[in-house]
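A single chain, nothing else alongside it, follows as C-alpha cells in the form predicted alone.
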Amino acid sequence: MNKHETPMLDQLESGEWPSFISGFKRLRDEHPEKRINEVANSLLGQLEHSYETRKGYWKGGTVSVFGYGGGIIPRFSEVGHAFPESKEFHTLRVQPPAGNFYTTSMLRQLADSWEKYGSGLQTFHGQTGNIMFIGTTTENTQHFFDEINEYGWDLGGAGPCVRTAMSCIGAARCEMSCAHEHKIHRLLVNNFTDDVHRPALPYKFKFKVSGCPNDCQNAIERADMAVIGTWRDDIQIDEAEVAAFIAKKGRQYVIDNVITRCPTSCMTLSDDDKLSVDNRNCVRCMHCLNVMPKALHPGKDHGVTILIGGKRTLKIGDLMGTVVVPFKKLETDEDYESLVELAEETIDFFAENALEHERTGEMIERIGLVNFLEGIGIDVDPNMVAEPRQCSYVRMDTWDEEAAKWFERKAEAG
C-alpha cells in the first residue's frame, strides 16, 4: 500500500487538542485488516486533495436496503478514479436505545459487524441522535443491515420522514426526572416506525423527550414535538439541607447565586435563613434546583409540557418550540395513548398543509397558531407561550375572544 502524502492534514495534528486525522491514521497504520487500512488511506488522500483544491468531491445518489426508503446517506466520490478504495462511502443511521443505554457486549457486537462490512469509522451520536456508521459500499450496506437487524437493531430516519427520536437518561440516573422518558420515547418510535423507514412527509419531523425543564436533549429548540417533564405543585424544600448549604457556602453566596438570579424574583431568604418560594410565579427555569439539588427538588405532581415547532436554521431562522399543552398528566394507558394520538394529529396536519421542505414551526408561522391548534383539535389556552415572559404586566380582562372562551370554560368547571 502506497501511503498518500498528507502535509496539510498533518497540520491538524499540531495543536494541543486531539485530531480526527490521528484516528484516520490509526485505522490506516494499525488496524489488523488490510481492507480497512486501504480504505483509510484512500479517504486521507481524498481529504488532502479537497484541502488542496478547496472543493468537496462527495455527491449523493440513491442507496437503500430491501423494504426501506430511508436510513442511509449515499456518498459517491467524484474523484473515485484517483482514490478507488473510498469511491463509495455511504453512511448508515442506526437507532440507539432509549436514553442511550448500551452494554459493552452490544457495542462490541456492533463494532465487529462494522469492521466486517464497513470502514470502522463510527459516530455516537449524530445531530438527529442516530449511531452513524460512516463508510461502506453499496453492496455491503445490505449485508451490514441484515446482520445487525438479525440481533435487534434498526435503521433510523433520513430524508423527509419522521426522524429518530431521542430521550435523556431520565429517572434511571437523574433525580430531577418528572416523566417516564423511555416509555414515551418507545411508544412514539413504535407507533411511527413506518413513517421513519418510508419518507412521505414534506420534510423531516423530530421527537425528543427530556424528563425535566433542564431539557438535556435540547428538545425545545431542536424538535418538532418536544415532550418536557415538569410539575405543577410547589417546589419541595428540605430546610435541613438549606441550612447545611448556607453553612457551607455562606448566606451571601445563596443571595448572589440563587435569590438574585431567579428570573421572576420568586425566591426570598429571610433574616433567619429560611428559604421560601412564590410558586405561582415560578417558571421552572431549574436554576435554583441545579445550584441546590439536595435542598430543592421538583414538586410531586408530575406531568409533561408539550411544545411544537422547534428547529434550527432553514427558511426563516431558528425557532423555539411553542407550548401547545401546558400540562398533561401521564399516569394511565389512556394518558399515553392520547399523547400518541396528539402526535398523529400533528403529523397528519403537517403532511397535508406544509409546503415542500418546510418544517412544522415554519408552517405554523405561515398559517398562524390558531389555525394550527384548530387543525389538531386543541383549544387555545392563555398558558400557551412561544417565548419566555419579558414583563410582569398581564391583562386579565376579556381582551381577546379566544381568551374569553377560556375564562368561560374555567368558570363552568368551577
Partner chain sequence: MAMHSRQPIESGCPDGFQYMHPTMVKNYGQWKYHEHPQPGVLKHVAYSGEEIWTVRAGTQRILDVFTLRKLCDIGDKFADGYVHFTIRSNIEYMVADGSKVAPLIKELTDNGFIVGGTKNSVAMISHTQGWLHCDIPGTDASGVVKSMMDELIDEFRTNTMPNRVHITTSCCQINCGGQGDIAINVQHTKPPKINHDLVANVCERPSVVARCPVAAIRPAMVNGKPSLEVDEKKCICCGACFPPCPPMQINDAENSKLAIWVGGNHSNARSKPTFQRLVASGVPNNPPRWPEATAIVKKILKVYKEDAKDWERINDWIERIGWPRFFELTNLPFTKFHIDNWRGARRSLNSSTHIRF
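These numbers were taken from a predicted model, which means no experiment stands behind them. Residue numbers count along the first chain shown, from 1.
The same protein has a further form, the form predicted in complex with the partner chain, not shown here; the description that follows concerns it.
- Put simply, Asp224 is far from the partner chain in the predicted bound form: not one heavy atom of it is within 4.5 Å.
- Contact check for Glu85: no non-hydrogen atom falls within 4.5 Å of the partner chain in the predicted bound form.
- Using a 4.5 Å cutoff between non-hydrogen atoms, Glu30 counts as a contact of the partner chain in the predicted bound form.
- The partner chain in the predicted bound form comes within 4.5 Å of a heavy atom belonging to Ala172.
- In plain terms, the part of the chain that comes close to the partner chain in the predicted bound form, with a heavy atom within 4.5 Å, is 210-218 out of 326-334, 210-218, 339-347, 267-275.
- Checked against the partner chain in the predicted bound form, the residues Ile306, Val254, Val189, Leu201 give one hit for a heavy atom within 4.5 Å, which is Val189.
- For the options Cys282, Ile237, Ala243, Met320, the one in contact with the partner chain in the predicted bound form, meaning a heavy atom within 4.5 Å, is Met320.
- Contacts to the partner chain in the predicted bound form (heavy atom within 4.5 Å) from stretch 266-301: Cys285, His287, Asn290, Val291, Pro293, Lys294, His297.
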